[in-house]
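A lone chain, given as structure tokens: the form predicted on its own.
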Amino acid sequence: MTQRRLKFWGWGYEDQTLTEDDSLMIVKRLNKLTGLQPNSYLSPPSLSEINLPKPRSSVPNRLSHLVSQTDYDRASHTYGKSYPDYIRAFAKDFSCCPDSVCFPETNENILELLEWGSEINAAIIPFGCGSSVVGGIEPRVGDKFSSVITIDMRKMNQVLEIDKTSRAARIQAGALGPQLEAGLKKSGLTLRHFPQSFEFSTLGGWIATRSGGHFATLYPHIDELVESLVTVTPKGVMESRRLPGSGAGPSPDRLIIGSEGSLGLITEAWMRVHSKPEFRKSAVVRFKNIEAAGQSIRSLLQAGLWPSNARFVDSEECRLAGVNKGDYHMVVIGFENSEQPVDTLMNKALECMEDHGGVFGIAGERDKTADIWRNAFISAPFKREGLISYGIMHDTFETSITWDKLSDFHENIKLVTEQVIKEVTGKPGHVTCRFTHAYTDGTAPYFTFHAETKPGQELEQWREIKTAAGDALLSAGGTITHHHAVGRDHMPWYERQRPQLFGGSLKAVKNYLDPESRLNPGVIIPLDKESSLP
């Protein structure tokens, strides 16, 4: 049987590519709901249509079993899944592709590849499955390197060991979400980390970018699930001690978590796992006022009721998803447990939400609105490709903010984004928001925007919108990213957000672990005198 192959230019597998008619249906629906007008159709690129530059380095015989220089491998490791990545892919511009793509199977293989990179003066790009939406894996590395090597971790994909007593598992970093869960399932265990990119991202990628999962309240970030790490650096292999907790100085794991391949390649991790939940309960609660929806979740968490999931979606995003006609905001709440029923917890949570004006339940029928939104959420990356093919800008940005600032923050960020879209494109845009993660002290607003574009000016228009939104987030007290990572696209704001002394400390650590600065240049540690935005 022919193995399914991932698209080299977009989301998912090649057999999941939308037809022109499929894309047109998506565009027509958006036009009906928002009035946004499409451009003429632009078909996705085929491999035969693109011209890749000749590799600048030859592969030594000792490494030939690990290295590929095929057009498909080089093209499929050029871009992630950001809006500018799509624009350049549709323009058939793969000029920044890596020279070589490597598929190691052991830590020793990685050390050999790092040594080769030093020999030929190559930048090294760690790669999971390429789902970055912030320029995290693109070979945009400056002028000091003679070549670029991408190291794809997906052959290191096994669940190596399970400790059922401690509920932990040792897992290789190249395991995709489905592979990881399949390896745990036979023991009745699960990681319960389900980002939107679950099918097309790896454990190492989640850890390196501080991923956030769908069960976003009980297990907010991958950070809390890491027990210990093995990281291969140019200076050698670093392995932290496996412990439930430690007060022995700054955590070596916390240094690597979120380092985005700039300090080393994560190769395996002991992860805290969970028994498969046997008892589950979910509900949809409607609110007329978005501030009341937020207050209900804040009250819920501050009262010590910890659902597995509690997110709220504004009325306009509900309308676009087909959940309702834009006449209410929606809170989706869920509880789960492997040992005992959760009915009592759910009843208390609903009482709390009712106190804030929430309405739940439909007499005589199951509420299917959460299912409708969930299906729209999962299919969104595919629909996005259809919109982009017709010249509609579709992008997102996410942040976090404390509860005391939320109401003004949400309103102002939407207003700034709408205003800059109109200034840049000359036409009204469309901005929606959902709140994906919740904490006792705040929440994570996640904005989606659509805009008309002028052919040939898409990148410039996107850059102006992205810049205005990023500036507004920081000015209002938010973070430039909550779970999408820094990559190259967010570096200008990350440098402003982090304390200056911390930035200098990170650079000193990189100079020690990666003395030739070959690992993912421009990510976390800036390139000298070079803009990060594409």
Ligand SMILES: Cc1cc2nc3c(=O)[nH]c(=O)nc-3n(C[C@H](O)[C@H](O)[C@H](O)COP(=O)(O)OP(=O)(O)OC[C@H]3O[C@@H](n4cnc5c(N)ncnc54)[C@H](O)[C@@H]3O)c2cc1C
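Not measured: the values here are computed from a predicted model. Residues carry their position along the shown sequence, with the first being 1.
Heads up, the form predicted in complex with this ligand isn't pictured, but that's what we're talking about next.
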Next on the checklist: Looking at heavy atoms inside 4.5 Å, which stretch does this ligand contact in the model of the complex, given the options 115 to 123, 330 to 338, 256 to 264, 90 to 98?
Outcome noted: 256 to 264
Checklist entry - If you check in the model of the complex, is Gly294 within 4.5 Å of this ligand, heavy atoms only? => result no
Checklist entry - Pro381 near this ligand in the model of the complex, any heavy atom under 4.5 Å? => result yes
Next on the checklist: Considering non-hydrogen atoms and a 4.5 Å limit, does this ligand approach His410 in the model of the complex?
Outcome noted: no
Next on the checklist: At 4.5 Å between heavy atoms, is Pro307 in contact with this ligand in the model of the complex?
Outcome noted: no
Checklist outcome for this item: As a check of understanding, the residue in Ser201, Ser240, Ser400, Ser315 with any heavy atom within 4.5 Å of this ligand in the model of the complex should be identified as Ser201
Checklist outcome for this item: As a check of understanding, the residue in Ser197, Thr233, Ser147, Thr448 with any heavy atom within 4.5 Å of this ligand in the model of the complex should be identified as Ser197
Checklist entry - What residues, if any, in 473 to 487 have a non-hydrogen atom within 4.5 angstroms of this ligand in the model of the complex? => result His483, His484
